[in-house]
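Given next, in structure tokens, is a single chain: the form predicted on its own.
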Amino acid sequence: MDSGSVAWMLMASALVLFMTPGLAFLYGGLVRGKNVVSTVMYSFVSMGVVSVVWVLWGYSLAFGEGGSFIGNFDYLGFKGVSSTGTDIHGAGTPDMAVAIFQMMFAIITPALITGAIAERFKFTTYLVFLVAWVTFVYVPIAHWVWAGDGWLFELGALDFAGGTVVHINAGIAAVVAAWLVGKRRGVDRGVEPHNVPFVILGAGILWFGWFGFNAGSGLASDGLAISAFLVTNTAAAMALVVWIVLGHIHTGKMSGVGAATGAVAGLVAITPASGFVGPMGAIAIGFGAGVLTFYAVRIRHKIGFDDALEVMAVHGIGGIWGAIATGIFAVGGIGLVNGDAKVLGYNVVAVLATITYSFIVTFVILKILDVIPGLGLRATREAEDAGLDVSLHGERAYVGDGAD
């Protein structure tokens, strides 16, 4: 057991967990003042609910050797998951450390979805949705991509840190959720973010935590972690620059929200590629992420589809680009730029499979929840008008002028 790698994996796990409060600040700053507590709670409560699900059955179904599509129940309650041995993952890092690391990915993924349904989704229903979605959507796709007997893993698709499992998965689920819950009330002329410093702080915390997300995904403290760290920062930086430049071209302004959005888009896109590309590949991926997500946001506004906080544009489109770009820019003789198109083909299959499965199963889950007595997807008209903070949580983020 390499004590240095163990220390790094525990630190990387803490960094990834810290991303979820960062997401809470990012999303909380983007909504109206009367819905801040509700929006923050979507992310924060995932830290509780998903942690319990992961320990009880999520990890076992994701990484147990059950077959090509789902794991088994060998590790229920972390039974047999060693804090010193490496029988499950064989990564040179104890299985329990890897399981903890993977728990943090499972926590943040459904929280990403909530940006699409902010300001109108019932909180009690969301708690049930968390359990169902992690169990029936996140866990199977994680098994496909990262378990040794998963069908996409065996096919040869490459996803170093979660382009398909986390970002495309959440982006597609967000589209389904926003479609089924319907448009927010009173947003025909747009919603101005109530706290831009919160947005930038949240993006900064995400950027900081993403070094654990990507550099930790090699499961060791080694040269691969160093390379993943560098390309993660590089892609985020490039996408940020692209966003503010394009914003200036179109509006004459360089938006703080735009800078934050661009940085997150770059982080999303480099995630699947971070263990396979070099610095110049990261520049290209960051540039592509900046351009594609910037115009995806503008198109979404023109269409009028109320994905409230641009989850599909940033995570869905960014994740799709990142998965495809992995197959293009991967070094070591396996990328398209090196004359090998196989990984690109495998990753296109992974993208299509993730989109299809996430869309269908998320749709089914939400449709069922919508007809269960006492649940339903949408808060009442009165609750929305008053703000979800007061009506659903009995609290205000602010007292006075900031409450609206």
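The model shown is predicted, which means the values in this text are computed figures rather than measured ones. Position 1 is the first residue in the sequence shown; the rest follow in order.
There is another form of the same protein, the form predicted in complex with a further copy of the same chain; it is not shown, and what comes next is about it.
Visitor: Tell me whether A225, M254 and A259, taken together, all sit within 4.5 Å of a further copy of the same chain in the predicted complex, counting heavy atoms only.
Guide: Heavy-atom distance to a further copy of the same chain in the predicted complex: all three under 4.5 Å.
Visitor: Looking at 316-324, 280-288, 174-182, 143-151, which one sits within 4.5 Å of a further copy of the same chain in the predicted complex if you count heavy atoms only?
Guide: Heavy-atom contact with the partner occurs in 280-288.
Visitor: To verify the annotation, which of these, A106, A111, M238, A330, has a non-hydrogen atom within 4.5 Å of a further copy of the same chain in the predicted complex?
Guide: If I apply the 4.5 Å criterion carefully, the residue I get is M238.
Visitor: Should E192 be counted as a contact of a further copy of the same chain in the predicted complex, where contact means heavy atoms within 4.5 Å?
Guide: E192: contacts a further copy of the same chain in the predicted complex.
Visitor: Could you tell me if F44 has a non-hydrogen atom within 4.5 Å of a further copy of the same chain in the predicted complex?
Guide: Yes, contact at 4.5 Å.
Visitor: Does any part of L366 reach within 4.5 Å of a further copy of the same chain in the predicted complex? Heavy atoms only, please.
Guide: Answer no; every heavy atom of L366 is more than 4.5 Å from a further copy of the same chain in the predicted complex.
Visitor: Would L127 count as touching a further copy of the same chain in the predicted complex under a 4.5 Å heavy atom rule?
Guide: Taking the distances in the predicted complex, the answer for L127 is yes, it comes within 4.5 Å of a further copy of the same chain.
Visitor: If you apply a 4.5 angstroms heavy atom cut-off, which residues in 33-69 are near a further copy of the same chain in the predicted complex?
Guide: Read in sequence order, the residues that approach a further copy of the same chain (within 4.5 Å, in the predicted complex) are V36, V37, V40, M41, F44, V45, M47, G48, V49, S51, V52, V55, L56.
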